[in-house]
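Taking the form predicted alone, here's one chain by itself in structure tokens.
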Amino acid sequence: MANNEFQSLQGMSDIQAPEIFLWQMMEERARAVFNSYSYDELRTPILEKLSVFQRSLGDTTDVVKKEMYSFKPSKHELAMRPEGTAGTMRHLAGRGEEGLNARVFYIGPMFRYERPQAGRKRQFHQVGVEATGEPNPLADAEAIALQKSLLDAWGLTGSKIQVSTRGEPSDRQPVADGLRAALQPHLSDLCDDCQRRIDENVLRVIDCKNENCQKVVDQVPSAIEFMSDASRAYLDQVIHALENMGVEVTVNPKLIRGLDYYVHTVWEISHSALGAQDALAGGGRYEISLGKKSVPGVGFAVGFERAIMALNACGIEGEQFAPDCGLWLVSLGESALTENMKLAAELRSKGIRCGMELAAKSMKAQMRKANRSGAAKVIIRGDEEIEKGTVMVKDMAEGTQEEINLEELIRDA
């Protein structure tokens, strides 16, 4: 049984080899895809003022009300970031005109106090993008295409994309009034949470997972039907642009997304490898209020843990991306230890993975360590090899051994 003293906190994980190799692949390919779309990386602090998230995410969202890690060490109440957009917008809002026309991406840990489950941790990791600028259907379509390119680059081909709209800000009241009126005759059929949501945030009723609530929602008009002609036309332009790029999507009027800052286009991506709970990622267009300043843009986020579940279900594992096994130097005597330190430095300067025991130990002990390291070949040197300018090279997989010149080893390494 594991010693609890050395376990990580509930909902937070240590990530080590071989799983870490999958994370590294995802990060490297994400940076390559974002670079091809002309996005630059931004790294924001994990801690922000609580107000950054209250203003941007909305006081009524579950994230703000129930899930944030917040505390007050001084005059400012602080929170650990529960998502990446708010902090990014806080940064860009302070950059003037440059920040209002930016294309940035982020990769890093986020924190939410919720019940840990498969693919959902209290410390989880997201990769996301934000492209600031006034509403533009083509920008929204490009963001959706970019997210699909990212998933494809990871090996998650065959994902399904659902698209909807939250409409313009001026649509919010007509949509809320229309939905409340349509739902009122069915109030007794709704769950307790949704009966409360009708007054607090009626859109949350639409994506409630309760079976009875879903039956009610199926009987009433969709939110899109209460929106302006301009909002519906905007969505049509997004769909047309995606069709031109060869990106297949399905319009789902029930798709709401949970954050208050969304306007116009919202989308979600699913993958069959995840089974019945197949939601993988999503994004949307937003207008985020930061005090006296409002920042419009479009973006998305993908959770690493969730994506890794899908990759594993597709047979893609960390071992497939392990680095080259490299070499291990075995030193027989003090002179060989000194000479192998020099040799290791030379090999490493060429980018070769190279390890060695840094204390005088028996050959048996050193070979055990070489075996644990996973090295493909072991380089053995003693006084005799140093005098002749040779090394013994043992192939660990084949079990064969041959003597070659030191210069040949360095040249061909």
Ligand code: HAM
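When you see a residue number, it is the position in the sequence shown, counting from 1. All values derive from a computational prediction rather than experimental measurement.
Note that the form predicted in complex with histidyl-adenosine monophosphate isn't included here; everything after this is about it.
Checking 312 to 320, 244 to 252, 284 to 292, 179 to 187 against histidyl-adenosine monophosphate in the model of the complex, the stretch whose residues place heavy atoms within 4.5 Å of it is 284 to 292. None of Ile308, Leu280, Val217, Val163 but one reaches within 4.5 angstroms of histidyl-adenosine monophosphate in the model of the complex through a heavy atom, and that residue is Leu280.
The single contact residue among Val205, Val129, Ala223, Leu150, judged by any heavy atom lying within 4.5 Å of histidyl-adenosine monophosphate in the model of the complex, is Val129. Interface residue remark: Glu114 is counted as part of the site for histidyl-adenosine monophosphate in the model of the complex, having a heavy atom within 4.5 Å.
Contact annotation for Ser331: none of its heavy atoms lies within 4.5 Å of histidyl-adenosine monophosphate in the model of the complex. Among heavy atoms of Tyr262, some come within 4.5 Å of histidyl-adenosine monophosphate in the model of the complex. Residue contact with histidyl-adenosine monophosphate in the model of the complex: Gly299 places a heavy atom within 4.5 Å of it.
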